[in-house]
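The chain that follows stands alone, in the form predicted alone, written as structure tokens.
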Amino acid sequence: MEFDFAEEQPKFLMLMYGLIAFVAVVGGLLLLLDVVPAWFARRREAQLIAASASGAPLPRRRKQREGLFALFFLLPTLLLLTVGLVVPAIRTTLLSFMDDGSNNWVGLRNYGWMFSEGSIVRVLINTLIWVILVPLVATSFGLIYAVLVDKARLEAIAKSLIFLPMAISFVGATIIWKFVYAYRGDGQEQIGLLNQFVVSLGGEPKQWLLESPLNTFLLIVIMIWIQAGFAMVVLSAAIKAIPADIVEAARLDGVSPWQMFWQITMPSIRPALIVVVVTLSIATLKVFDIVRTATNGNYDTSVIANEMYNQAFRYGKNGQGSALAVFLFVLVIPIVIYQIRNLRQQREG
């Protein structure tokens, strides 16, 4: 297959225009953030020098001017949030009430399709399974790692090895695990670790990623393997932050290690546990890379983010894809609100 530059030229021009626009906008904002504060600082310095030389009282900052100055610094962030988040969110919401071609209003038909179509209901169930299992299991493993590794020999090395999967992209991690689940026909040497283990026990090799619903749980294992390191780091830091006098007093009272864990460690690290579970829940709701790379959403493994992409970009059904996107956004909102309220309670407490 030969590459025709003339045929692809419009795409390259579009890419070039996008890069130029990006450089212009970001460069302009950085220039403003560098030049304008420096100008105000020089002006303020000149006023202070003049007042000091004349013996006059130092000029006071006006609250109104300070407010304008703060607003100036917030403008780039507000602009980027508006363009990159608010406008797309409003547009996606409007598209969810329109037909596939985004020409006619169809009301709640796309949302009705979401809960009546069998394949989409399967997608919603898969997403629910992901959201229940990944945060709980990954947090549990992270907590076990944090407790066992804490103050152990070679603690730094052990933590580095456990955290290492976090340094791998979701796509890279999925490719690694696809080799673990790899299948070869009967009579051939198995290159997949899981099938080789099964064969060594006298069993028959299987195409693990094709068997539903087992394949969904095998994909969840990948996410847990990646995120357990994150949970371990956060919870280990929380455990180390427990005051030493509390631990020492508990030991003097003769508590067992099991009582120490449930009566001292768990209550002390509760805020960190909530942060980990909430963070993993949001990340799991948005999971896309693992499913896309492993099965492309086939064999009853698709989740909301993957199906949203398929409906909107593969099948050209903008209304249905937008409805899935809005539904995903609605699922994330309560988790975010809970996290904000929890953080406020911690600050007030």
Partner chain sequence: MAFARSRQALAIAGVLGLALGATACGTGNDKKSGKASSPECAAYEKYQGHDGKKVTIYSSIRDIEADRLAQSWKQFEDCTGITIDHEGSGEFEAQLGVRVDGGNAPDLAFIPQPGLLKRFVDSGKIKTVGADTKALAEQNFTPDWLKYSTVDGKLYGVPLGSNVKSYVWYSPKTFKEKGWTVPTTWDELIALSDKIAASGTKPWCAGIESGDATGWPATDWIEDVMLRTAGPEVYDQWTTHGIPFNDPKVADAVNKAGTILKNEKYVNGGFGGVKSIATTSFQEAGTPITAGKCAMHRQASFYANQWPQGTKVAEDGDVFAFYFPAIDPAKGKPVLGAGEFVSAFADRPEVQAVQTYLASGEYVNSRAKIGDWLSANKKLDINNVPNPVDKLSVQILQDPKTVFRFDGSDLMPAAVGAGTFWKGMVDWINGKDTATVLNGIESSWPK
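Take the two forms, find the largest set of C-alpha atoms that superpose within 1.5 Å, and that set is the rigid core. Positions refer to the first chain, counted from 1. Every value quoted in this text rests on a predicted model; they were computed, and no experiment measured them.
One more form of this protein should be noted, the form predicted together with its partner chain, which is absent from this view; the next part is about it.
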>> Tell me which stretch of 136-144, 179-187, 262-270, 76-84 has a heavy atom within 4.5 angstroms of its partner chain in the model of the complex.
In response: 179-187
> Even though its partner chain is not shown here, does it sit in the model of the complex so that I90, L194 and F230 each have a heavy atom within 4.5 Å?
Replying inline: no
>> Can you work out whether F40 and its partner chain are in contact in the model of the complex, taking contact to mean some heavy atom pair no more than 4.5 Å apart?
In response: no
> Do G321 and its partner chain come within 4.5 Å of each other in the model of the complex, heavy atoms counted?
Replying inline: no
>> Can you tell me whether E45 touches its partner chain? I mean in the model of the complex, with a 4.5 angstroms heavy atom cut-off.
In response: no
>> How about V336 - does it come within 4.5 Å of its partner chain in the model of the complex, if we only consider non-hydrogen atoms?
In response: no
> Who in 300-330 is close to its partner chain in the model of the complex, meaning a heavy atom within 4.5 Å?
Replying inline: Y309, N310, F313, R314, Y315, G316, K317
> Under a superposition restricted to the rigid core, does G18 display a Cα displacement of 2 angstroms or more between the shown form and the other one?
Replying inline: yes
> After fitting the rigid core, is the C-alpha of G27 off by 2 Å or more between the shown form and the other one?
Replying inline: yes
